[in-house]
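The data below hold one chain only, encoded as structure tokens and taken in the form predicted on its own.
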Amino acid sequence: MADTYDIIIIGTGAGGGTLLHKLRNSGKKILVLERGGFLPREKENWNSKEVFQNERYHTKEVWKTAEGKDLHPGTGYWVGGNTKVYGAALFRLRERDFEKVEHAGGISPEWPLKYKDYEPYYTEAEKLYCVHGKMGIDPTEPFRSGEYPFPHLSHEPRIQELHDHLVHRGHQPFYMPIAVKLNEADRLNSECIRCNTCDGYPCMIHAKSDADINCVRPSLANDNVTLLTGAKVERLVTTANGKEIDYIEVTYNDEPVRFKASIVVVAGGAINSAALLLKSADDNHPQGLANSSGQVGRNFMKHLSAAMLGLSTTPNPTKFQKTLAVNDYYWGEPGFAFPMGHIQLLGKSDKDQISPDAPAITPGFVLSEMASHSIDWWFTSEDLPVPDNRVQIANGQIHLDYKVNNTEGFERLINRWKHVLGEIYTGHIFLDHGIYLSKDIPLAGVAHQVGTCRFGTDPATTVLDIHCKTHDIENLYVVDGSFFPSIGAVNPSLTIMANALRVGEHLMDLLG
């Protein structure tokens, strides 16, 4: 026998947690299943060695690469998903990102919906997640129906100096849209304390807006919502004709249990959602559920990403550094008519964050000096959807096949920014042409995972319809980053959240 609900949501991250918040007042009986638990509040939340070197909050499971090598993914299973440790930079995709775009390395495909279809949900998501920003500065900014719900975060003195020099050189830096609970006009009553342990860390004081704190916990006050943690969904089982999900098989408290619902929503992240559909293959769906197109697991994207330390002779005492971004080269530059990507500041690094990438013989005091004199940058460019970049299952284990593509614009972006920073030399900011230590983010860095069940109008080439319902199975939805046809060059979290609100509105109408 299986307990029965109106809606089951599998996963509590940017997609599942936001969807729950949208549906919580529907009056429908909702079951939420999360394979992890609540991330503990502990001193280690703000310990960079524990967070970055020991990967305390990442899963210990092992995946495989296309070459059969072990892959230790930089992902975590918690209530709130990866939003528990994200940098909380919540960008809208640009209007052109929803269109067909030619890149140096190929074509970024058109979306079945456009920016105008998402704009009201972007606005709703920014309010829900307490996003701070300022409109009218970003040269690529899409249309907005109103100002950000909360005022922009100020730059600390060193970053303000950098900002002013960039402006003087003709650049257009803008305030990063950041999702934190900060009141700079009344710091004594502000939840956020502008610390240096935000980007990549759990927030010990719950001042970072994540899917757990902003969505899941408030929803649990409703009697119609039930959350089970430590509940790993093993398989979705279809009806005899294969047209609906009959029940789901779950391991809970080390025991097998079953649950049924009129609507089942998978929101485990683009990799695990695709893996679940593939593992649920049956006689009616021998290639995996919702996979008559053969597209489940394909077209995986994660961004081309790199981190860079820009070192100078001047100390950088900034604590909350992640306040400035640059999109001047998002669509290219003179002499290169293809997209290049997005630039933003990272959270301020310390010696324990940079030591894994330094030579083993580097003394600790040298690492400390490097960290205290650096300004830390993050670059993202668009990787293109490629069918052979995919999630597969072998012997119950996730295999992630991925080959890097579309690198020309990405490499040009990093080199261009080194040149820009070198030109800012004033005796106070950077050494002449600077010292720059950069590294590309490896395959294990899957924080921006999207694309494995893309949506569209043609069941022969897509997995989901425009409401994120599977073409093949009537009561099965996928509401995380899986639906992206392309990734753009900004963080995908806000688009996942906005889409969850959009799908939630559709489900409210559907259920009445």
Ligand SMILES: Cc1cc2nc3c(=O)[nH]c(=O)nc-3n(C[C@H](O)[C@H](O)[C@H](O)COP(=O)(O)OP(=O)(O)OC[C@H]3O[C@@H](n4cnc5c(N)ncnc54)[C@H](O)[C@@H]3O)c2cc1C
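All residue numbers are counted from 1 along the displayed sequence. What you see is a predicted model, and the numbers here were worked out from it, not measured in a lab.
Just so it is clear, the following notes concern the form predicted together with the named molecule, a form of the same protein that is not shown.
At a distance threshold of 4.5 angstroms between non-hydrogen atoms, residue 297 is out of contact with the named molecule in the predicted bound form.
The named molecule is not drawn, but in the predicted bound form it has no heavy atom within 4.5 Å of residue 371. The named molecule in the predicted bound form comes within 4.5 Å of a heavy atom belonging to residue 272. Using a 4.5 Å cutoff between non-hydrogen atoms, residue 35 counts as a contact of the named molecule in the predicted bound form. Scanning 280, 82, 327, 355 against the named molecule in the predicted bound form with a 4.5 Å heavy atom cut-off leaves one residue, 82. In terms of contact with the named molecule in the predicted bound form, the residue from 503, 23, 496, 489 that brings a heavy atom within 4.5 Å is 496. Proximity of 87, 231 and 448 to the named molecule in the predicted bound form is complete: all three residues have a non-hydrogen atom within 4.5 angstroms.
Only one segment in the set 381-389, 281-289, 260-268, 412-420 has any non-hydrogen atom within 4.5 angstroms of the named molecule in the predicted bound form, and it is 260-268.
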